[in-house]
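The chain below stands alone and is given as structure tokens, in the form predicted on its own.
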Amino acid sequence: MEGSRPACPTLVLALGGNAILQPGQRGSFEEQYANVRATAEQLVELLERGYRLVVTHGNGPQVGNVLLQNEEAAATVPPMPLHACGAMTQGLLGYMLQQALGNAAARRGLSLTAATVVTQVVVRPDDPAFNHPSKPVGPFYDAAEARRLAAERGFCMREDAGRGWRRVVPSPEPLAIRELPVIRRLLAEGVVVIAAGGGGVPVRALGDEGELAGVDAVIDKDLAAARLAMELGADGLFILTDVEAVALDWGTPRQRSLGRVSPGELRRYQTEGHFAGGSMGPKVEAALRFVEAGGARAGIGALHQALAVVEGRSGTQIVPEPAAGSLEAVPARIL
């Protein structure tokens, strides 16, 4: 029962793509599971410290592979819509994480239950993103095949930097986490919850009767993690990826990393154009949204240093000024 458990800080951890698939890998089950096992070791360290965890993750390469399988087998098996492919991969990657977390905990003599919630995320039917599809998904095509797919299936196709044509879909804003009550109940029972994988399955209301329908779109996974953290009232949001910290003037001789930073200062850097839209931009925006909505602290840092990022010893720490909340303030420092 919820009242019988001591209060523990609740963290939402947003895992980057390197948690599941490393650059240069083909994406076999064995490769992905080996990466997930290494990730699980990092997460179990946090559980040993007494944190309650909600884990989100990316699924872009996995959805891309399912879409490719769709195309290859289209003459034999009817292709599934994009929103269904997202649900499939939530289940697959959740299974990997559940098993790896349980095994890692058992090796340390811990009792752990993890559960995956295939999560629907509500979006506005009139979100401006539906008029401006921008998120590439699936395989590359030549121009003739792209024209055929546009004519026969109504796909929006776009040429991608000379590499071929790809389907592009909308990326609407996440409004609400449909399965939030279930996630709350699982957390109260001490379950590690894996939710909103890949940004969740985008759904929209059909009318005033409460019915929902899937939408062929992709919600940014970091923005969905921020929405989940805000709705849960989490004590911290931590985006764990393949970089040590957020950097200014990335890729130039002036590059320097940010340690502790206030939301106002980070917004200023964002306005100055320091963070690319396709990489660090959404992570910074997600962290800012969480802290500006009253969250105690957000962090962005390396997955292999997860414990240090959560404890404020590594990564970029976004903390209100003056710092407040259930997590300790992070001393100012330069990385």
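For every residue, the number given is its place in the sequence shown, counted from 1. Quick caveat: nothing in here was measured; it's all calculated off a predicted structure.
One more form of this protein, predicted in complex with another copy of the chain, exists but is not displayed; see below.
The candidate site formed by R26, M88 and Q99 is fully in contact with another copy of the chain in the model of the complex, as each residue has a non-hydrogen atom within 4.5 angstroms of it.
Another copy of the chain in the model of the complex comes within 4.5 Å of no heavy atom belonging to N35. A residue is said to contact a partner when one of its heavy atoms sits within 4.5 Å of a partner heavy atom; V66 meets this definition for another copy of the chain in the model of the complex. Contact check for R178: a heavy atom falls within 4.5 Å of another copy of the chain in the model of the complex. At least one heavy atom of E211 is located within 4.5 Å of another copy of the chain in the model of the complex.
Look at 45 to 53, 293 to 301, 264 to 272, 26 to 34: in the model of the complex, residues with non-hydrogen atoms within 4.5 angstroms of another copy of the chain sit in 26 to 34. Think of it this way: in the model of the complex, another copy of the chain has a heavy atom of just one of G251, P78, P125, G154 within 4.5 Å, and the residue is P78. The partner is absent here; in the model of the complex, the one residue of V137, V243, V117, L258 having a heavy atom within 4.5 Å of another copy of the chain is V117.
Along 82 to 108, residues H83, A84, A87, M88, G91, L92, Y95, Q98, Q99, G102, N103, A106, R107 each place a heavy atom within 4.5 Å of another copy of the chain in the model of the complex.
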